[in-house]
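Okay, here we've got a single chain as structure tokens, the form predicted on its own, with questions on binding and movement later.
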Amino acid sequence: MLKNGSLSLFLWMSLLSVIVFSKPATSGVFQDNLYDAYEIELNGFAEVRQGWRLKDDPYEKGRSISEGRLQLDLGRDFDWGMLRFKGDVVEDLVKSRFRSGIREFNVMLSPLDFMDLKIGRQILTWGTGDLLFVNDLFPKDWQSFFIGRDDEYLKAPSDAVKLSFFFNIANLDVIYAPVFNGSVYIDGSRLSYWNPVLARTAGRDFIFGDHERNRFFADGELALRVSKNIRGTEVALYGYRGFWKTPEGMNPVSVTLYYPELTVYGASIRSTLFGGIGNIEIGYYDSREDREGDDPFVRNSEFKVLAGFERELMRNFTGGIQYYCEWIADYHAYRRSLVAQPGKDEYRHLLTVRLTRLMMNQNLRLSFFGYYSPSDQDAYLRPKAHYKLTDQWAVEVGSNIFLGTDDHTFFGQFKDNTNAYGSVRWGF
């Protein structure tokens, strides 16, 4: 007798099996008919993804991920602009629930020759980092990233208006969100973490709640970028006014997390270098509710620096390295404010490496991304293999490996969340 979770997974696999043995052109014919009748472009995929923890974790379930997912991506190009919708329907067997979500639902216009306008739910990104973010103050889904969902789901959607102006002197991007768009952070519901209140690792036994910033306009966000390409070198200036994207403040009375006010100033440069591409990015995080650095319940202001380089090492084999540093401002005031809890180092150093190898006519992609912090003495490793069986079918296996000496460091706190996963996907 199959349990409910196993039964659901069996049904999803059965659905994919039916697709395998059906006529391969069926979906293509439907897409062509949809376009011919309504000029709507349809793409998407159906996927089954399953993962398990490789270590015993007393605070979480044994399955790190177990879900069936259907994504639909529709778009239509009108004379006046483009309308796009992308949404997911997911059966999440770890949380035993069925849910749906809209990743994109927006309209894009070009009201003037030098201006583009995009309104609605959209995925936003900028900056030069590879899985490191300095001036990209748009929401992320760290939970998805650590449990083994596709990399696409690291970027969470924003409900915003984006204006892009194209001038000879420089380009200007202005993004305004009338209501704050926060990141999906580690709260204990799926991943165990270091809990400073309990001074130990916790998980489903202590799920942190937060005070949402959901007031229209009062909790709005504004982001700006001025960019220019100068003889092949991309130079950009950034500005942001809003709130920390994860709840970096805590009310000690109610033990509730909240999102303190934040302003960020930054710059980046990216150019060809030694046969590859090099980049440098900097940012100053002005934590407006703790400018003196003496409030132990609000994250200090800090400087962030990122430098990276990537190039092709040989045919179908690329590599990239990055150095990243966080420097806590008003560090001595921060240390004096600590009460019986381990503190952070003044400087947090982080090194990353990415290796990607394409084989078997580029149908097999072997990749590795690794983070290592010499200051925290912890690491996070992401090996992955993706094989394209046909134009529509692909399988993937990978792992999220966390290592660390201490339980309270960023990656070290997730040691018991080390997991392996696999997926089968049919795209159309």
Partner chain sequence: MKKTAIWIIGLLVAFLGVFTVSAEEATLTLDDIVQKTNLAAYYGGEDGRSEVNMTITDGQGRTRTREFVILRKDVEDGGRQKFYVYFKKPSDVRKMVFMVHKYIEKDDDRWLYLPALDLVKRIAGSDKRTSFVGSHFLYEDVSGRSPTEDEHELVETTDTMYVMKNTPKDPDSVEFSSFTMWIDKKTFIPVKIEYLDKRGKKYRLVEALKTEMVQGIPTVTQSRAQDLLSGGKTVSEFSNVKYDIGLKDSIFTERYLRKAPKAVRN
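No experiment lies behind these values; they were computed from the predicted model shown. Positions refer to the first chain, counted from 1.
In what follows, reference is made to the form predicted together with the partner chain, a form of this protein that is not presented.
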So in the model of the complex, does any heavy atom of Met115 sit within 4.5 Å of the partner chain?
yes
Contact label in the model of the complex: Met108 to the partner chain, heavy atom within 4.5 Å
yes
In the model of the complex, Asn214 touching the partner chain (heavy atom, 4.5 Å)
no
Taking heavy atoms only, is Asn33 within 4.5 angstroms of the partner chain in the model of the complex?
no
With the partner absent here, would Asp56, Pro260 and Asn300 each sit within 4.5 Å of the partner chain in the model of the complex, counting heavy atoms only?
no
Go through 356-364, 372-380, 397-405, 56-64 and give me the stretch that gets within 4.5 Å of the partner chain in the model of the complex, heavy atoms only.
356-364
Using a 4.5 Å heavy atom cut-off, which residue among Glu346, Asp205, Glu234, Glu292 comes into contact with the partner chain in the model of the complex?
Glu234
Just one of Asp151, Asp210, Asp92, Asp286 has a heavy atom within 4.5 Å of the partner chain in the model of the complex. Which one?
Asp151
Sequence-ordered residues of 312-339 touching the partner chain in the model of the complex, heavy atom within 4.5 Å
Glu312, Arg315, Asn316
